[in-house]
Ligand code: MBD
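Only one chain is included here, represented as structure tokens and corresponding to the form predicted on its own.
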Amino acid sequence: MAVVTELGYLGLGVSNMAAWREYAAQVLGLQVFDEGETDRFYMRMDYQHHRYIVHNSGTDDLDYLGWRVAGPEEFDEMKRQLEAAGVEFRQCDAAECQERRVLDLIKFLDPGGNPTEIYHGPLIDYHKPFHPGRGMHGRFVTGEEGLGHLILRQTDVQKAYRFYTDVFGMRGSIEYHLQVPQAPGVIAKPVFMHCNGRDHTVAFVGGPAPKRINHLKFEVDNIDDVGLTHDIVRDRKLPVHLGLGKHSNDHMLTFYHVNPSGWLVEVGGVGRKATHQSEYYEYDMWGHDNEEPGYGLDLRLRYDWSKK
């Protein structure tokens, strides 16, 4: 079967373009540019033409996500897999492919109603060195692992799991049993999925959520860039939802803060790759205390050592 190889690009809808331009460049360190279009700009992390298109749509949410397959044969096979699964898709024309800077493209909705795209052949600009929006000690981790990971809204987690395994060829399972402090006795069991060496590319929590996206993860290859971004976020007094900590699943040192659209961005790095065997955890290794409440991850991640 054909499989997706990476999460290659995202379309983000925003209501404040100026705030996002400054945030992307000066807080995250992304390369921000436009090509004369008044309704969008692009964010670059590596040699790919873009990893994000920021649209002036006013949604302040995820507008679409693009999954890559290896080439034209896999692209055609993926269409057959979607047809066999009863998923209606639309073959895009040359103008739509050019808009995404890819060789071929289809669009459809995933089981949670999230606008989803499959493509092959992204435009790679090796002749244009990546220039971060502000100084960085290292680089973003992309390449064959794609742009990072996100938690994606799904109303039926099991249905989403079956779609992403049976149609997309991804692997994954429940990786955490987490206490919900607001509902004693309730345990959250998020599902994490991977398609390459990255520990996870997409995760599903289930239940109602105000936005399609809960958080988006940017991975860096130098721990000093985690600290630098943390300092910038604190200096700008951006709300921090989860403080510095280290995850048990990917072993990443990370923290979560709120972006100009009101959802979360996680910045982290220096962890481990996908294990390819299922495990689950009840707590993170350390840290990740809740600070600013109300952004969908109000879960107990840190073990309470006062119990011992």
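The numbering used is simple: start at 1 and walk along the sequence shown. Remember, predicted model here, so these are calculated numbers, not experimental data.
Keep in mind the form predicted together with 3-methylcatechol is missing from the figure; the text below concerns it.
Exactly one listed residue, out of R68, H257, H247, R44, brings a non-hydrogen atom to within 4.5 Å of 3-methylcatechol in the predicted bound form: H247.
Contact annotation: of the candidates H230, H194, R101, H215, the single residue with a non-hydrogen atom within 4.5 angstroms of 3-methylcatechol in the predicted bound form is H215.
In the predicted bound form, no heavy atom of R153 sits within 4.5 Å of 3-methylcatechol. 3-methylcatechol in the predicted bound form is approached by H149, whose closest heavy atom lies within 4.5 angstroms of it. Of the heavy atoms in L10, none are within 4.5 Å of 3-methylcatechol in the predicted bound form. Interface membership of A25, defined by any non-hydrogen atom within 4.5 Å of 3-methylcatechol in the predicted bound form, is ruled out. Contact here is defined as any heavy atom lying within 4.5 Å of 3-methylcatechol in the predicted bound form, and by that definition each of Y176, H200 and E266 is a contact residue. Judged by heavy atoms within 4.5 Å of 3-methylcatechol in the predicted bound form, the contact stretch among the candidates 58-66, 267-275, 36-44, 248-256 is 248-256.
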